[in-house]
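First comes one chain, alone, set out as C-alpha cells in the form predicted on its own.
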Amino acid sequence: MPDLDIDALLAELTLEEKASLVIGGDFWHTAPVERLGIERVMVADGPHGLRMQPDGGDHVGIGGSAPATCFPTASGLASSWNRSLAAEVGAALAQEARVQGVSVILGPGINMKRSPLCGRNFEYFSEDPYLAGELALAMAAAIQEQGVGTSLKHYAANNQEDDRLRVSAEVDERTLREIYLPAFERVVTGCQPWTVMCAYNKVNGTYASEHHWLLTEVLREEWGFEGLVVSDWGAVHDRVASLVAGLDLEMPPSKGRSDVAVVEAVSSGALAPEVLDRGVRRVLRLVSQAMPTKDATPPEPAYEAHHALARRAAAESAVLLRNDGTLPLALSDGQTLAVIGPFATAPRYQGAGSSQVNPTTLDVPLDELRAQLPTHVHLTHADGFGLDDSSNDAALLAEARDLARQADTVVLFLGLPAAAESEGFDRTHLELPANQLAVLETVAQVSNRVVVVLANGSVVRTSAWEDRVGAVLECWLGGQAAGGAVADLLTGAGNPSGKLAETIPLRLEDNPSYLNFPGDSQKVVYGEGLFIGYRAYDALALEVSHPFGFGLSYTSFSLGSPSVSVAGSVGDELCVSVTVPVTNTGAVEGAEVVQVYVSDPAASVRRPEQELKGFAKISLGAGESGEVQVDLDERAFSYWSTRLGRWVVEAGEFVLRVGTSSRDLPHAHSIDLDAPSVAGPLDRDSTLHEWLADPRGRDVLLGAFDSTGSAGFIDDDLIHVIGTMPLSTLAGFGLGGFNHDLLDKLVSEL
C-alpha cells in the first residue's frame, strides 16, 4: 500500500472523524475511517514477550493472550550488559509481532529503579540511565528495523506503583535531566521510536498527559521527536488539555466523552483547529508507517529458534553473586543432588500484570537438570515450603531436611512468589518469605554444600543469609527457557557472565529513597536528587552486599592498563577513546564486562563520585587476550546547569576509572579538558567569591577597591568570612567608600 496522502486526508476528514482518530478505536487499535481508506493499527504489550489480546481477551493483563516467546524481563536482560543480545531479542519480538498482526509493541520500559520496592521494577532495566538507555536503544532499533513500531515508556518519573495514577513526582530539573530523562533522550535521538507513552503520574503537579514542557518543549523541540505520543491506558484526564500539551492519541478511547469534548472545544473556539490537526497528522503518520509491514506477508513463526535465543538470553542474564567453588556442580556416579523448592517444578519466570505472556513452551528446571546430570547421579526433590499455602510447611521442612542431610550437594530454588511483586502495587520490604528462609537455615545446618538459585524481578536482601551457603545464582525472571539456562549454568555447560544492573544493599534502610518512598498525600518528593543507586552508596561510603556492575564467573580475567586518546574538543565533536586490554586468565571460556566511569573531582556543583559512561562486553577463550574500546563523547563529562539551562562541561581534570564493577575500578587515568567558562554573568547579587573567581570581575573589583582606599580592608581572613556575601550587601555596609553607586558602575562596565 502506498504512503497515505496525509494532507489530502486532513482536508477531507470531518471534525467528528478527526476527534475519533485522536482517541483510538478500541482497547488495542487506533480508529479507522473506512470511507477514506484509513485502516486501524493494532498495538500490544510486549516488553519481554508479545501479549497480543484477541477480541476475547480480558484486556487487563491476566489471560487470553496468544502464545508468544517469553524472554527474560528487563531486570534480567539488563544484567547481560549486552547490546547485541538486546537487539536479537528485539528482532525476535518484532518477527512475532508481524506474525500476530501487531504494528506497535508497547515497550521497552526504561524508568529508573529509584527504589528496589517498585512493584514494576522487573519491567525496567537499571538504576543507571546510561545503561538503560544503551540497552533500550539496541532493542528498540532492532524492533523498528523489522518494520514494527515501539512505544518508549513510561514518560516520565514513573518510579512507583503506589497511587501511580494520581501521585505527583516532585523532582528538580537537574535531577530530571541527569537521571530520569537521559534514557528516553538516548532512544529518541538514537532511533526515533514510532511512539512515546506518557506516564500516569503527575510531574511537579501536572499530569504527564498534560505536561507541555515534557511532551512538547523537551521531547519535540529539544530532542527532535517526530513520532506520536500515546497515553498509558487510562492516563488521560482532560482530552483537550492533553492535546494542547502534545498528547496525540488517547488509549483506550473514552468514546462519548473525549471525542465530544474535542468537537465542542473546536466548535466553540476553545481549541485551535490546527492543534487538533497536529494530533491527527501524527496518528495518520503512524498508520502510514505501519501499512507496508501490515500488508506484507508475515514471516513464518520461528518459535523454536526464539526459544533457543530465550535460553541463551536467560543464561547471559544470570549473575553469580557468590561461589566458594561449589559451582559448577561436580558430581560423580553414585552421588546425590537434592533439589529443594517448588520453583524447581513450577518455575517463576515472568512478572504479573499487563506484561504477562502466554509462553509457547516452558522449561522445567528439575527436568532440565535431570537431562544434563550424569546417568548415575541420584536426583531427589522436595518442595520444602509452600508458595500460596503455608499450612503444611512443617512437614515440607522436615522432608527437605532429610533429603539435604543425605545429599552430597543441595540446590535451593528460592525467590519471590508472584503475589509479592506485580504491576499495581509496591513491595514493602526486601526479604525472602519467612518459610523460605526457614528452609535455607535448616538445610545449611545439615549440609555444607548448598547452592541458592534465585527467581525474582527486583532485588532481595541477601546479607542476612548468603554467608550460610556456598553459591548464590541470581536468575531474575528469566523467561520461558530459564529452566534450561539454569541447568546449563549449574552444570558448567554455560558460564555466568551477568553483571548487576542495580545495587543490592545490605538493608532497605540504606536505600537513598527510603525516607521519601512512596510519599503521601498524593505527593512523592525525590529528596535524594541525583543520588540514586550506586551514586548514593558511593557518596555515603556505604557498604553494600553486591555493588552495581558486579558479577562472578567460573573463570578469571585481568584488565591491563588502559590507553586513552582525546580527539576534538569541547563544543567540537569531543571523543575520548579508552582502550583496555583484557585477558582470560582462567581455564574455561567466559565473558567480561569492562566498565568506564567518569569522575569530576573539582566540579563547582555537586556531582556523584563517579558515573557509568561506557562499557563493552568481550568473550574470550581460556588464556585468550583481546581488547575493548569505549568511546566517550562530550555528554559523558557534562552536567545540567540550571543557571544556564543547558549541558555544560567545566574545564579542568576528569578521572576515568576502569574496572569490572562500581567498587572494583583498579585503573584510573586523568585527562584535562579545556572548555569555556560556565560561570554566569556577574551582577549585583553575585558574591564576593564569584567576583574574585572571574578574571575580569576580579580586576575591575580590585581596581575599585584601590580607587576608594578600601583595599586594605580586604585581606584573606576577611574574604574567608564575607566571601559568600553578595556585593549588593557589602555595598550597603559602605566599607571604605564601596557603595551602591560604585557597584552599579562596575556592573555596567562588565
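Computed from a prediction, not measured in an experiment: that's the story for all the values here. In case it trips you up, residue 1 is the first one in the sequence shown, and so on.
Unshown form predicted in complex with a small molecule; subsequent notes refer to it.
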Given that the partner is absent here, does Asp232 sit within 4.5 Å of the small molecule in the model of the complex, heavy atoms only?
yes
- Query: Closest heavy atom of Phe615 to the small molecule in the model of the complex, within 4.5 Å or not?
  - Reply: no
TODO: Please check if His211 has a heavy atom lying within 4.5 Å of any heavy atom of the small molecule in the model of the complex.
DONE: no
*is_contact(Arg120, the small molecule) in the model of the complex, heavy atom dist at most 4.5 Å*: yes
Here the chain appears without its partner; judged in the model of the complex, the stretch of 148-156, 559-567, 628-636, 129-137 with heavy atoms within 4.5 Å of the small molecule is 148-156
In the model of the complex, the residue from Cys475, Leu500, Leu106, Ile110 with a non-hydrogen atom within 4.5 Å of the small molecule is Leu106
The small molecule in the model of the complex has a heavy atom of only one listed residue within 4.5 Å, and of Ser354, Thr660, Gln289, Asn456 that residue is Ser354
- Trp194, Phe225 and Asp277: each with a heavy atom within 4.5 Å of the small molecule in the model of the complex? no
